[in-house]
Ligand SMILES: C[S@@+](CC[C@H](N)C(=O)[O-])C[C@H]1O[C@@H](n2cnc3c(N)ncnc32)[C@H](O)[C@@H]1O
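Take a look at this one chain, the form predicted alone, written out in structure tokens.
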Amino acid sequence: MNSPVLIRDTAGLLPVALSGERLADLQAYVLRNRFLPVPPSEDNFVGDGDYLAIGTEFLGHFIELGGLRAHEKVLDVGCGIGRMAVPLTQFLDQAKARYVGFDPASAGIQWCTRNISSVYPNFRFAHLDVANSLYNPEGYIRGNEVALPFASGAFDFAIMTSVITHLPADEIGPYFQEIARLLGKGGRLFVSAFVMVQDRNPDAKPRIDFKRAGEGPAWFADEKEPMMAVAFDDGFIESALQAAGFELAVKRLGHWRGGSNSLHYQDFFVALKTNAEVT
């Protein structure tokens, strides 16, 4: 028996810019575009799977679930080696939109600058020397002190895909607070995560076997390398978003835990910036 896909809509989002056949046509166009840059497999450190296909799938989620529009200013926290950015070059308006990506892995930033910014000048990438035991263990900035060099309200849409799946619990709130500062009122934050729900299907076979770390709220897949994959207690992410000045707009569970017909692997959150100032 499939477990239900949880959908919560507690805050209103603007109507989506593309959906149905028009969105599918855009995604098909991206996948057919043989001129788009794709890093060689030996340089791709952002996980298994088809680089362009995964990014194109997320482009659809950003538009359909997050309400991303072609003229908006996008902040990609943990942009890796541009897996989300490459498909976005085919949607964001080159004259009106702006994209900025940060990552602690300098090799990915160098590749993105050479292969994406050189063709799409409205796409910028920067190295953020923030410490992370998996991707940047010698980083200068502590993860719970992260600050980005932009004015408050500078962005409309923020992305954190497969980012908090590699962060300790005490860094989640500071990241959300900094992103809330950078989003204008009505801005959206798209987050992918692993959530340990209480009503999980007992017959399901999860793709990842998480074990609780101490008293929680974090769960680790690998005790020797805890940041390899991190899950959180159900409700922890919602509380951190609310404390940062967000209202939850969408929560959808993925099929990583098994026994689900969800169309995506990780769990998704879309949060709406509702306060003009973060307190």
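Predicted model, so just to flag it, every value in this text is computed and none were measured. From 1 onward, residues are counted along the sequence shown.
Beyond what is shown, the protein has a form predicted in complex with the ligand; the following relates to that form.
Student: Please check if A169 has a heavy atom lying within 4.5 Å of any heavy atom of the ligand in the predicted complex.
Tutor: No, A169 sits far enough from the ligand in the predicted complex that none of its heavy atoms falls within 4.5 Å.
Student: Does G187 reach the ligand in the predicted complex if we count a contact as any heavy atom within 4.5 Å?
Tutor: It does not: once the ligand is placed as it appears in the predicted complex, G187 has no heavy atom within 4.5 Å of it.
Student: In the predicted complex, does M84 have a heavy atom within 4.5 Å of the ligand?
Tutor: Close contact exists here: in the predicted complex, M84 approaches the ligand to within 4.5 Å, heavy atoms only.
Student: Just to confirm, Y29 within 4.5 Å of the ligand in the predicted complex by heavy atoms?
Tutor: No, Y29 sits far enough from the ligand in the predicted complex that none of its heavy atoms falls within 4.5 Å.
Student: Any idea which of 178 to 186, 203 to 211, 96 to 104, 113 to 121 reaches within 4.5 Å of the ligand in the predicted complex, heavy atoms considered?
Tutor: Result of the contact check: 96 to 104.
Student: Using a 4.5 Å heavy atom cut-off, are G80, V130 and V163 all in contact with the ligand in the predicted complex?
Tutor: Yes: G80, V130 and V163 each sit within 4.5 Å of the ligand in the predicted complex.
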